[in-house]
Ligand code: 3AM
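Before any questions on binding or motion, here is one chain by itself as structure tokens, the form predicted alone.
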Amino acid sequence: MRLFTAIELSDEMKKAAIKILHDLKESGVTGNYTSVQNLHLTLCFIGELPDSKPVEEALSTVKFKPFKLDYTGIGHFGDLLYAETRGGQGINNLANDIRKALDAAGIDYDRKKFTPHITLIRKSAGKAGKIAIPDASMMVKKVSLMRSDNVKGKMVYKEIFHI
């Protein structure tokens, strides 16, 4: 099964992301838009594992204080457009602590530098331009271990564990 850890968005954050997606579409940006039900912030991509139990055990050792998350703008990695987020030192500490717990358990994961973001469009064409970023925030109190399945050509994410 394909696994990753994530922050699932509050209704307020999701509504703001939908507004951003709508504004991008209206401004003519094309590409593979993230489906509303899949909007999230990935903390650590783990990848394919036959069993989630070792990851669940590792994650159960991670403790964190709730922190505020909000949008700050729009950014891109190549042809991927994303909503930039800010979570202060809390989000960086959380991502590092998850990685430390996975290391201690001997679980491999994607070691790319952590940049907090919410993917909006893959294979985007066009410039984001002057898109207004809605004022939205949430308190992060939960981290989810997510399973990613390809169902009829669409990715479906499902929480299987949380801390």
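Residues carry their position along the shown sequence, with the first being 1. Note that the structure is predicted; figures quoted are calculated from it, not measured.
Note that the form predicted in complex with this ligand isn't included here; everything after this is about it.
- This chain is displayed without this ligand, yet in the predicted bound form the stretch 37 to 45 from 53 to 61, 96 to 104, 129 to 137, 37 to 45 comes within 4.5 Å of it by heavy atoms.
- Looking at residue 65, you'd find every heavy atom of it more than 4.5 angstroms from this ligand in the predicted bound form.
- This ligand in the predicted bound form comes within 4.5 Å of no heavy atom belonging to residue 161.
- In the predicted bound form, this ligand sits within 4.5 Å of a heavy atom of residue 110.
- At the 4.5 Å threshold, heavy atoms of residue 122 reach this ligand in the predicted bound form.
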